[in-house]
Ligand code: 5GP
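Form predicted on its own, single chain, as structure tokens, below.
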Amino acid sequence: MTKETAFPDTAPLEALISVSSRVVTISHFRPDGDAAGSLMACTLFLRSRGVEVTPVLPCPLADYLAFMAPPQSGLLDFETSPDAVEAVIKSADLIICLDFNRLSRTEYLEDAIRASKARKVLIDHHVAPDREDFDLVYSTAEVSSACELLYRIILNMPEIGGEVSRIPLEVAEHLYIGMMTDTNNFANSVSPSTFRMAADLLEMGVDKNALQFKVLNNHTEPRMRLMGHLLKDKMNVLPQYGAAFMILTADEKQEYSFRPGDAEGFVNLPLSIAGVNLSAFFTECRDEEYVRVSLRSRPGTDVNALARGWYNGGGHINAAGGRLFLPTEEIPAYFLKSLEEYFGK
């Protein structure tokens, strides 16, 4: 029977870990900072207990996050090492899934995870998790990030006993990165508990300046020029809906030497404009034959509902995403239509 809990009783998790000898940690396709942070924090915490753990991703980390999993971390990704990934999933007796609410978000790994006889644990902060796919569920949307929820879980584990200082520093650093990136550097989805977590981690020795520099100020010149191009030539503002959107085509990605992660944060930029409460960023993914959709909003506008209703996706109230199977030239009209129907005007 699936057990769901918002504020973690870690006894069931402790029981599963205690009888497991081969643990696999997994996060979602196109991993962001919260995915990487929760994946590596969970992995490193379990290793500090002497547990054998292999972290797995469907695809490689973006360049700006690669420092979080150096070669000695043992991180495997399916695109680079498909046979090795399938083998460790098949041999696992416990799979811990982090920062996604449905197995489809693992893309190529979904079938292997479903076929595995391992017990499966979900640690996630998105709405409406597919509970039936997991043996144990820790799920609440009332936290900033998967890393904040994982932080609460780790705090409740027996050897930590609520003492933040007992958390290994490298685990704390990954928790901080995930929480910091998923809140857009504390701009979105924050609560008093988020700031308490940040304060606790800083007090125990996390160097926030060093970590934020690595994540936020370590991009390439083409990425900066692409951002300028999008803001100058591609940003469309729809005052009647308090909305804005940008479209990044495959040709533009090639022109600006685009690498995975280069568009991270671009969807938030139009929200700096007075009167813009909703922003959409569309990225053409020619190899996958779809357009990736990112949606962000200010408080009071529910982009999760917009994503679920019109963009084959979902997420949080102020941060969601999805996919479109349309040519890029048809997106402006479709976006306008979706806003007309969503706002009822």
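In this text the structure is predicted, and so the values were computed from the model without any measurement. In case it trips you up, residue 1 is the first one in the sequence shown, and so on.
Keep in mind that the form predicted together with guanosine-5'-monophosphate (5GP) is missing from the display, and what follows is about it.
request  = Find out whether any non-hydrogen atom of residue 105 is located within 4.5 angstroms of guanosine-5'-monophosphate (5GP) in the predicted complex, and reply yes or no.
outcome  = The answer is yes: residue 105 has a heavy atom within 4.5 Å of guanosine-5'-monophosphate (5GP).
message = Taking guanosine-5'-monophosphate (5GP) as it sits in the predicted complex, is residue 283 in contact with it (heavy atom to heavy atom, 4.5 Å or less)?
response = Contact check for residue 283: no, nothing within 4.5 Å of guanosine-5'-monophosphate (5GP) in the predicted complex.
inquiry  = With the partner left out here, check for me: in the predicted complex, does some heavy atom of residue 319 sit within 4.5 Å of guanosine-5'-monophosphate (5GP)?
reply    = Residue 319: yes, in contact with guanosine-5'-monophosphate (5GP) in the predicted complex.
guanosine-5'-monophosphate (5GP) contact at residue 292 in the predicted complex, heavy atom, 4.5 Å = Taking the distances in the predicted complex, the answer for residue 292 is yes, it comes within 4.5 Å of guanosine-5'-monophosphate (5GP).
ask   = Counting only non-hydrogen atoms, which stretch in 306 to 314, 65 to 73, 51 to 59, 38 to 46 is within 4.5 Å of guanosine-5'-monophosphate (5GP) in the predicted complex?
value = Only one stretch passes the 4.5 Å heavy-atom test: 306 to 314.
query = So which bits of 113 to 128 sit within 4.5 Å of guanosine-5'-monophosphate (5GP) in the predicted complex, heavy atoms only?
reply = Only a single residue, 126, comes within 4.5 Å of the partner.
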